[in-house]
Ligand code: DOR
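The form predicted alone is given below as one chain in structure tokens.
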């Protein structure tokens, strides 16, 4: 594949910023969209893509991933993960701080940025993690998408389960705080209650709905007390959704993963420990309430929480098995499949997976197909379907909880900064993304 400085996409169905769809052309030059029109004519030599029959969307921004580098590269690394992103139509990601070493200071953040500059095929940004004794770093580190707080489901330096420490972080500065909301004290108590049970389905009872609700209530209380920008990561329960439906300040946002929309506790019988994640899978009722909250705008957008582990690690006996599953290759086709089934609309998927994350994190010039916006785009095929196959996955861990699912809307072309990074089954490993900017997160 070439790396064109100019690119003309011919005849796709284009999802416009107002939600309307039109068949037309899109002209790209020097990383930017320069024209969107019914028909664009040009006399200069230019690379063209005949996208007849395909649908053009803004590239997906995945605002929560764990790409494991540095320190855990046997599970995934920035290169393999960004290849998987390209295949899945994900053109930008925000990565979490629980690597080795932890991303808790400027030096660790700079190291990740350099690694990403060298290795990433798509655009990248990184959270800085709260450790309880690094408030100065939390306020000064730059560029970062925000502060990540693990209120539970974490051991070691990133666990913040002391309410006084939590309040000290909320009370200082204005930077966005993103919380993994589970109550560690309740989890510890229930681990004792359910000790010596090796059925992985018990995971959803140990880290139950109440553990999630308690932590989300506390985070919301502190956010309101200090009017602090709060984002609730991977919301998983009906109770949390109803809490926000009743009381959601304008400065609070929330996300949901495809796993918590599409999978529930029945998955343990089918795929065992591959279904184990934090927060855990819930009931079909939770699925339905979360879907409705997403449709109603109570939940703002989608994130995958891509958190790969090897099959060998997952094959251990519970509770020795690690929690987490991959997701960047399947999130867009999963959502587009539901759109084609009538559960939601294609413009809603664009908002949840591109426009709303860009707005929430203050990422300029992304999330829309319009002149002046970055040319981060994905062309998908909504006219055919194919199954999720293990042998086709590019994530290093090599498996998916959705293996065998028949999905519609697989990417055919992915474009990052005007460059073809994925085309008809092949990844162009010469392309490099850029560090994201965060305009409202100083």
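Residue numbers count along the first chain shown, from 1. Keep in mind that this is a model prediction, so the values were computed, not measured.
The form predicted together with the ligand is left out here; the points below concern that form.
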property: Contact segment among 186-194, 307-315, 342-350, 134-142, judged by heavy atoms lying within 4.5 Å of the ligand in the predicted bound form; result: 307-315
property: Position in contact with the ligand when the complex is considered in the predicted bound form, options 80, 237, 273, 98, heavy atoms within 4.5 Å; result: 98
property: The single option of 278, 337, 223, 264 touching the ligand in the predicted bound form, heavy atom within 4.5 Å; result: 278
property: Residue contact check: residue 231 to the ligand in the predicted bound form, 4.5 Å heavy atom; result: no
property: 4.5 Å heavy atom contact, residue 396 and the ligand in the predicted bound form; result: no
property: Residue 323 within 4.5 Å of the ligand in the predicted bound form, heavy atoms; result: yes
property: Distance check, residue 150 to the ligand in the predicted bound form, heavy atom within 4.5 Å; result: yes
property: Within 4.5 Å of the ligand in the predicted bound form: residues from 173-193 (heavy atom criterion); result: 180
